[in-house]
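Only one chain is included here, represented as structure tokens and corresponding to the form predicted on its own.
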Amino acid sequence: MLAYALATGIVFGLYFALVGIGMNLVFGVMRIVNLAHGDFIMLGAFSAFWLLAVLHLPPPAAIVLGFVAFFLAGLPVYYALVPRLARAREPEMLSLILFFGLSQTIEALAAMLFGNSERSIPGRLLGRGPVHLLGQTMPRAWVYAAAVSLAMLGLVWLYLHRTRLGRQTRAIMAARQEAVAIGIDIHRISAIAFGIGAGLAAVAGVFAPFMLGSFTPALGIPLDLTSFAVIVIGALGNPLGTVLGGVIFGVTLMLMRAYLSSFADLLPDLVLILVLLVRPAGLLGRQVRRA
């Protein structure tokens, strides 16, 4: 049981890292907490249901279409909301209120359009038969989701460290005022980061039905809590620290499901309280401040 919990914890941890990295990227660049992030994932799950179960597209096509569509949709959302926040007297507090309102609006519209009944997608759409990984046997859909999550995390690293836009993004994350002083277009880079965050949420949403089971329009808030717990463990504002946070969260969740199943749903709240009390900056917080 312990070996299975550790193995599946790593697999789920990679997926949870994908769930949280979009929120952490947005926070790192703009210093706002996108409380609608979980609702973007929820919409990604409904998109996956339509693309995979209704149109019968192959999973790679659903992943690419979801990322591109949500990236393009994220750009107007950014320009409609975020620049106005920057001119506010207390942008951080106002951003919490604004994106919470956006989250509730998205959930209400999704409930009107799709209804509140639970939906699911058969795991066989990602391949049939179990997979032997890390000495354990687990569903193929889990391994598929973990592999795609790892690939997406690698692409984020390449973007941040091997592209001109990525280096400008890291400059804004490290010292916003200095980035403005050397001529970096803050709003252009921030809009791209917001779009990437929405696209990553869509990809996470594609695999949500396989990793989390059935889904409804109310899925957004639990995913917000999970995302926030994951990025707090790693470090707020450090997207790559999300990988560490995701793996720790996934392993801890699976251990609790194995040995303390009745308390597993409390894990996000317990993690948030513990980390904020012991190490508020996250496990990689010191590295972020020195960057």
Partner chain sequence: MWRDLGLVVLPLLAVLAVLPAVYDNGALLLNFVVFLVLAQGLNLTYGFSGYLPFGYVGFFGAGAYGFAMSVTLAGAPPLLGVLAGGGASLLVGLLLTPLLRLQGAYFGLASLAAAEALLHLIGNPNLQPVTGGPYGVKLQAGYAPLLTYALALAILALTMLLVAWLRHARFGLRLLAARDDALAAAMAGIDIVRGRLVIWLASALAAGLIGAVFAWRTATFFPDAVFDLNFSIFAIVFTLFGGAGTLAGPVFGVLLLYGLYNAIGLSAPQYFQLAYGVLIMLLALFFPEGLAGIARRIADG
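Note that this is a predicted model, so its numbers are computed, not measured. Positions refer to the first chain, counted from 1.
In what follows, reference is made to the form predicted together with the partner chain, a form of this protein that is not presented.
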{"property": "Per-stretch contact check against the partner chain in the model of the complex, the hit in 42-50, 61-69, 222-230, 249-257 (non-hydrogen atom, 4.5 angstroms)", "result": "222-230"}
{"property": "Contact flag, Glu92 vs the partner chain in the model of the complex, heavy atom cut 4.5 Å", "result": "yes"}
{"property": "4.5 Å heavy atom contact, Gln104 to the partner chain in the model of the complex", "result": "yes"}
{"property": "Contact of Ile97 with the partner chain in the model of the complex (heavy atom, 4.5 Å)", "result": "yes"}
{"property": "is_contact(Arg84, the partner chain) in the model of the complex, heavy atom dist at most 4.5 Å", "result": "yes"}
{"property": "The unique member of Gln177, Asn116, Thr163, Thr137 whose heavy atoms fall within 4.5 Å of the partner chain in the model of the complex", "result": "Asn116"}
{"property": "Partner-contacting position among Val131, Leu155, Ala111, Leu75 - heavy atom within 4.5 Å of the partner chain in the model of the complex", "result": "Ala111"}
{"property": "Contact set, 15-35 vs the partner chain in the model of the complex - heavy atom within 4.5 angstroms", "result": "Phe27, Val33, Leu35"}
